[in-house]
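Single chain ahead, written as C-alpha cells, the form predicted alone.
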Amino acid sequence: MKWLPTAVAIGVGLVTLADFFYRHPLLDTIGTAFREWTILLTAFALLLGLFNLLHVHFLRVARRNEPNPGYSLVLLATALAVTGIGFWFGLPSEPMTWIFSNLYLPLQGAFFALVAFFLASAAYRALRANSFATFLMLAAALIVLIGQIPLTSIATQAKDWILSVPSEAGVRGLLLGVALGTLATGVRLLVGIDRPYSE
C-alpha cells in the first residue's frame, strides 16, 4: 500500500498547482480546502513536536543517571507555568504580556548578542587569506567595515559599490539557486521520485 500516500501527494500537489495557475470555482474551492488542511496539519505537527520535546526532557529528569538534568527541569517547569498562565488568564492578558516583555524579549536579545560573537569567530576563521579568493573576500569585508565609519567619502562609496554590485549579484545567484532547487524538489515530489511521506 505504499502507492497510496504517493498517489495522494501527487494528486493534492497537482490540484494545488492547477489552482495557482487557473481560476475555476471548483478548483478554488478544493484549493482553499487543501490550504486549510495544510494549516491544520502544520498546527498538529507543532503540537506533536512540543509534546515530543516535553516527553524527552521528562524522561531525562526521570532517569537518575542523566548528566545535567537541571536544564530539562527548568524547561519543563517553564513550559508548564506558561501553559497554565495562558489557559487561566488567556493569551492577550497582562501576565502573558509581562512574561513576553520581561522574560522572552531579554532572552531573545541575549541570544542575538551571542550570535554576534559566533559570527565574528566564524568570520575570523573563514576569512584568513589562504588563497586569492579568500583574500578578495577579506578585502571586501574590510572595505565594508571601514565604509560603515564616516571617515572618508571614498571608503563610503567603495562600500556602497561592493554592496550594490558584487554582493547583490551573489545574493541574486544564491536566490536563483534556491529557487531552482525548490522547483526541482517539488517536481521530484510531484512525479513520485522522492517519497518521504511513504517511507
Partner chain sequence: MSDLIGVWVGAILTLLVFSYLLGDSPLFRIAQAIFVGVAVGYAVNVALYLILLPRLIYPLIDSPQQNWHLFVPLALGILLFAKLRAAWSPLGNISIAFLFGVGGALAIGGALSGAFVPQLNATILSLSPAQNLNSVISNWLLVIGTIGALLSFRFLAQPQRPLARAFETLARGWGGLGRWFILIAFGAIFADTAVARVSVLIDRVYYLLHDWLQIVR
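Being a predicted model, the structure only gives us computed values, none of them experimental. Numbering follows the first chain given and starts at 1. Only the largest set of C-alpha atoms that superpose within 1.5 Å between the two forms is called the rigid core.
Another form exists, predicted in complex with its partner chain; not displayed. Remarks below refer to it.
When contacts are judged by a 4.5 Å heavy atom cut-off, residue 34 counts as touching its partner chain in the predicted complex. The shortest heavy atom separation between residue 148 and its partner chain in the predicted complex is within 4.5 Å.
Among heavy atoms of residue 164, some come within 4.5 Å of its partner chain in the predicted complex. Contact annotation: residue 172 falls within 4.5 Å of its partner chain in the predicted complex, judged by heavy atom distances. Looking at 99-124, the residues that come within 4.5 Å of its partner chain in the predicted complex, counting any heavy atom, are 99, 100, 102, 103, 104, 106, 107, 108, 109, 110, 111, 112, 113, 114, 115, 116, 117, 118, 119, 123. A movement of the C-alpha atom of residue 91 falling short of 2 angstroms is seen between this form and the one not shown when the two forms are aligned on their rigid core. Core-superposed comparison between this form and the one not shown: CA of residue 38 displaced by less than 2 Å.
If you fit the rigid core between this form and the one not shown, you'll see the Cα of residue 119 move by 2 angstroms or more.
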